[in-house]
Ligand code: PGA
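Form predicted alone, single chain, as structure tokens, below.
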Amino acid sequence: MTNRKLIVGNWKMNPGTLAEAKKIAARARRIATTLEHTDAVICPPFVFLGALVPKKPVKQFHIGAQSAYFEESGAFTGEVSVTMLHDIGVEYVIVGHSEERARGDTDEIVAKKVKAVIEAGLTPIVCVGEASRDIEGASHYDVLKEQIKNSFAGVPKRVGRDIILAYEPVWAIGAKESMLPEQIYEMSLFVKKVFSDAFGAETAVEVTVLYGGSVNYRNAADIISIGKVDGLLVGRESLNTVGFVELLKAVDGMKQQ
């Protein structure tokens, strides 16, 4: 982990046209060049990736994919391999997003994807998070622990530093408000503790942890400063050019306060 913050915009299945995608990406790229303490990653749909990778590298701006398949090639209709993504200049890959898990990605599949992404020289952004919060019984801790443990089964300890963790409680995604920053801090500590069981305490201290779930430019700074996470996984706000720019400015300005 470094002092730099990481903001990842997950566009999901948006926008509807390449022209719109180019417009949003260009605005994000322009503001990224002014950032002093923050890196921005945008993750457009597969069909737009090749057109949005900058011809010349921009230090603070990067392109990520929303998913990838764990096989390098073969009869896998509709899938995209990490080799293909690497070849066109993609640097990050979201793995295990709750929407993909809901469509059938098991922890075992997530683990295979993590290994494939790392072996291709890309950085996995691995999403974990409980579906509901059990305030009385606290069973969500056990659910999250098992998910993290199984999602990294077979992943070598030596690559732990190459992994980014994105904690996204499913119940908070798309909600009117995010988790309270104090709750985020509590859960980020828990996520790191479980990660340390698999990769060691030293690696867990350095791992980058993002928070995702109803993030916007109004709450971004508090989530990071009070929640003590290293960055954010942003959904709908990443498509709002004005809001995403303000979010990046708010996060980057924290270092100057």
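Note that the structure is a prediction, hence the values are computed from the model and not measured. Position 1 is the first residue in the sequence shown; the rest follow in order.
Here the subject shifts to the form predicted in complex with this ligand, a form of this protein not shown in this document.
Of the candidate stretches 194-202, 227-235, 49-57, 36-44, only 227-235 contains residues with a heavy atom within 4.5 Å of this ligand in the model of the complex. For Glu130, no non-hydrogen atom is located within 4.5 Å of this ligand in the model of the complex, even though that partner is not displayed. Heavy atoms of Gly174 reach within 4.5 Å of this ligand in the model of the complex, making it an interface residue. Remark: Glu91 does not count among the residues lining this ligand in the model of the complex, judged by a heavy atom distance of 4.5 Å or less.
Contact between Ser214 and this ligand in the model of the complex is found at the 4.5 Å heavy atom cutoff. Just one of Glu79, Asp107, Asp162, Glu99 comes within 4.5 Å of this ligand in the model of the complex, counting any heavy atom, and that one is Glu99.
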